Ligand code: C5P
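First, one chain by itself in C-alpha cells, the form predicted on its own.
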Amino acid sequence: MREKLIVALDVKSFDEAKRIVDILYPHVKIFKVGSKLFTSCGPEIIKAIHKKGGEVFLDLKFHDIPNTVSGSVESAAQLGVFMLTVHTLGGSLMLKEAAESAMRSARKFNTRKVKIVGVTVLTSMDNKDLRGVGISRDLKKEVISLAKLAKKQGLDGIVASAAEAKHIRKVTGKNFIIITPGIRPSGAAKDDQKRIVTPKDAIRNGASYIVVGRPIIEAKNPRAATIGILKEIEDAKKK
C-alpha cells in the first residue's frame, strides 16, 4: 500500500521538506517535488530524498517546444527521478519526444527509464474553466481524449482526477499509470480543489497512485494522517 501513496512536498524550503520526509519515511516511499519547492532549492532536495531512501515524482509539468522538453527529460533522468510530468496539451510531437528522450537517456546513462506521465486537466478546473480557455468539449471527454493521446505517443501514464479514473482505465488498459491528485480523506477540507475524491474511491476507480498534500503535511500529526490514508487504501483493496 505504501507504494500507492505519493506525498506532495508543497512547501517553500529545503528544511521544511526534509523534516516531512524524515517524519514520513518509510511509511511513504514516493515524494512529489513540484515547482514551488524545486524553484526554492533545486536538485538538492531530490538528492536528500534519494539519500533517505525515497523516490521522487518530479512534477514540473514540462510544456514547451519538443527539443526543449527532450532536454528537460534528459536532465531529470540524470537526477535519477522515478517519474515526471509533462502537459498533454503540448501536443503529439512534444509527447513523443518526451517519451523517446526517456528511452535515450536510460541507455545513455545506463540507468532505469524515468516514467513520463501526462497532465490532462488540472483538478482545480471544471467545465466552466475549460470553456474559459476555449475548450468546448465536456471535461470527461477532454480528459479521456488526452489520455488516449498520451498512450498513443508512448507515455507511461497520465495525471487526472480520480473522478475520471474509471473511464480512463477502460480505454487505456490495466498497465497504464493513472495518478490522481485532489485526494481528500473523508471530512477533510476541499481547499482550492473542485474535483476531489477519497483515497478509497480513487483506488477503487482504478488509480495506480494517489497524491496527497495538505491533509498530510499540514496535519498536527503527519505520520498519523499518513497511516490513516494508508488504511483507507488497504480497505479499498478488500472485497
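Source: prediction; values computed, not measured. A residue's number is simply how far along the shown sequence it sits, counting from 1.
Absent from the display: the form predicted together with this ligand. The rest refers to it.
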| query | finding |
| --- | --- |
| Location of this ligand contact in the predicted complex, chosen stretch of 64-72, 37-45, 168-176, 208-216 [non-hydrogen atom, 4.5 Å] | 208-216 |
| Contacting member of A77, A147, L84, V121, with respect to this ligand in the predicted complex [4.5 Å, heavy atom] | V121 |
| Distance check, V159 to this ligand in the predicted complex, heavy atom within 4.5 Å | yes |
| Residue contact check: K29 to this ligand in the predicted complex, 4.5 Å heavy atom | no |
| is_contact(A8, this ligand) in the predicted complex, heavy atom dist at most 4.5 Å | yes |
| This ligand contact in the predicted complex: R184, any heavy atom under 4.5 Å | yes |
